[in-house]
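One chain follows as structure tokens, the form predicted alone.
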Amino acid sequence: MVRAIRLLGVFLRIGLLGEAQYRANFVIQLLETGLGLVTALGTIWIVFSQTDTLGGWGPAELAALVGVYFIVYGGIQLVVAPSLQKFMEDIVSGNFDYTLTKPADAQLLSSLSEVRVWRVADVVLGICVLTAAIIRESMTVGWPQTLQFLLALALGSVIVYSFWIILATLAFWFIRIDNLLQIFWAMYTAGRWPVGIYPEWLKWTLTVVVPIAFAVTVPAEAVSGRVSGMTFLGAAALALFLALFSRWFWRQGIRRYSGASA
């Protein structure tokens, strides 16, 4: 864990230096993030101008869910997505050889090698929306709800990261897997709404096949104290299974890799 934090700090500094060269890009991306947030909140306003609740969720609870959505989205786009996309490109080009020669775990290096610093804006805006939703509706969020939220967010992060590792590891066998990543992002967009409002087949897909529910809906439920103990047990079991399986799958991919000279 200490080594991971140190490596993240190194790559974060490199990312900051890179972004400092293109400041206009930072402003444009910040505007893009703001526009996405306004669109999401505007959609909620339109929905609740026609009804009082949506699948048992009120306006403040849905706004809190949007906040969680952007926090998780920002976390993925900050480190996980750019790093693993770079890893997949390195597999094709053969640059992954250099990663294997470095005195650190290859999976750890591949997971932290690219940091898009401006994506911190997504996380910050998500926290602001979540906080505003709680304050505006005077939602009671004590230590139990806070701890439940942090635990649910941590479990969801492990699930999403492990899922991305599994997808990225497929690059050892297949040249291009961009379409699979696009499917993930399409499914993640559905996470802007509570999973419970979808048909059973889609609810099952977003819970088991592409586990978006554990990354967004469950933490949002934890804020309002509506999450059950069984849900936590299910999230913990899935997180443990995917973490172990993704590590095993990664090692199988390493054995499969023959290097650029092959």
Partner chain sequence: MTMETATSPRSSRVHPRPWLAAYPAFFRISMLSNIQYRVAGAIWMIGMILEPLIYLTVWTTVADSQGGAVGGFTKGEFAAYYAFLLLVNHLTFTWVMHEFQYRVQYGSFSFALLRPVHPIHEDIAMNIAFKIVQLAVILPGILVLCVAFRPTFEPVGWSLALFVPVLALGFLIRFLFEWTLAMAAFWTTRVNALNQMYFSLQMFLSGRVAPIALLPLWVSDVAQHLPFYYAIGFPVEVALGRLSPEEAIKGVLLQLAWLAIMGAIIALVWKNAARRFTAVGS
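None of the values given here were measured: they were computed from a predicted structure. Positions refer to the first chain, counted from 1.
Not on display, but discussed next: the form predicted in complex with its partner chain.
- Interface membership of T101, defined by any non-hydrogen atom within 4.5 Å of its partner chain in the predicted complex, is ruled out.
- In the predicted complex, at least one heavy atom of W45 sits within 4.5 Å of a heavy atom of its partner chain.
- Using a 4.5 Å cutoff between non-hydrogen atoms, L147 does not count as a contact of its partner chain in the predicted complex.
- Although the partner is absent from this view, A190 contacts its partner chain in the predicted complex, with a non-hydrogen atom inside 4.5 angstroms.
- Segments offered: 107-115, 162-170, 179-187, 89-97. Contacting its partner chain in the predicted complex at heavy atom distances within 4.5 Å is 179-187.
- For the residues G225, G234, G36, P59, the 4.5 Å heavy atom test against its partner chain in the predicted complex is passed only by G36.
- In the predicted complex, its partner chain lies beyond 4.5 angstroms of every heavy atom of every residue of 89-120.
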